[in-house]
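As structure tokens, one chain now follows by itself in the form predicted alone.
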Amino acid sequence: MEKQRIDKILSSQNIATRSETKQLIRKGQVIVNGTAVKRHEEKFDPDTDEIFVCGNKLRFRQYLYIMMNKPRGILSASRDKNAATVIDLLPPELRRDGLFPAGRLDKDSEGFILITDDGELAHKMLAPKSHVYKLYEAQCDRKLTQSDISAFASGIKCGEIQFMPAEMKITGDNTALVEICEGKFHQVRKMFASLNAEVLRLKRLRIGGVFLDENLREGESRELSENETNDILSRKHGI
């Protein structure tokens, strides 16, 4: 990575604003490679230079990849004047400028949503040609049958929209697992609606090769590991 100004490095990591960095430097609280930084415009390589702020070693992350267990009633958006968003639920240590939900879960849906500031990865994850499958658990208002499975496997048409074939597995009288790779607006709900079934509850369980962490309670979030970040774009699929 190219060298960057120390105030830019710290602000990008939500450590300190640029003006706060100046104050920390004046107090001798910013140490790089064992030497106190003298000027806020000094440049360093955050990947190779050892940076300490107030005695704590900086863990530089160019991008953040966050798994959230989204609750119902929360918007999948970066900001909204009238309602709470997934960004509002992030703890202070995971907040920084530029974060956005990669893809959407509608307000009444819940489960795994990826929050990041890596636009390139988000684009790859959402592009149909990438074949990144998402797994959902759906609860409907009627009993599900083999004919529903066959309809999903054949590809469902809803109005003018033709959905690609999808795998469905019935797990209870009115519950099923559904795997898709398109992610069109309200897709799972519309697919069931075309079969005269209303989705009462919808939860995303997996994106690519990464499952929702069972230890995350509703509204909680954590960073993805390096392996999980790589597996987000996995083409592996199957229920």
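Bear in mind the structure is a predicted one, so any value in this text is a computation, not a measurement. Sequential numbering from 1, following the sequence displayed.
We do not show the form predicted together with a small molecule, though everything after this point is about it.
- Of the heavy atoms in residue 187, some are within 4.5 Å of the small molecule in the model of the complex.
- Of the heavy atoms in residue 202, some are within 4.5 Å of the small molecule in the model of the complex.
- The small molecule is not drawn, but in the model of the complex it has no heavy atom within 4.5 Å of residue 168.
- Taking non-hydrogen atoms only, residue 106 approaches the small molecule to within 4.5 angstroms in the model of the complex.
- 136 is the sole member of 152, 136, 112, 133 with a non-hydrogen atom within 4.5 Å of the small molecule in the model of the complex.
- Of the candidate stretches 44 to 52, 60 to 68, 205 to 213, 188 to 196, only 188 to 196 contains residues with a heavy atom within 4.5 Å of the small molecule in the model of the complex.
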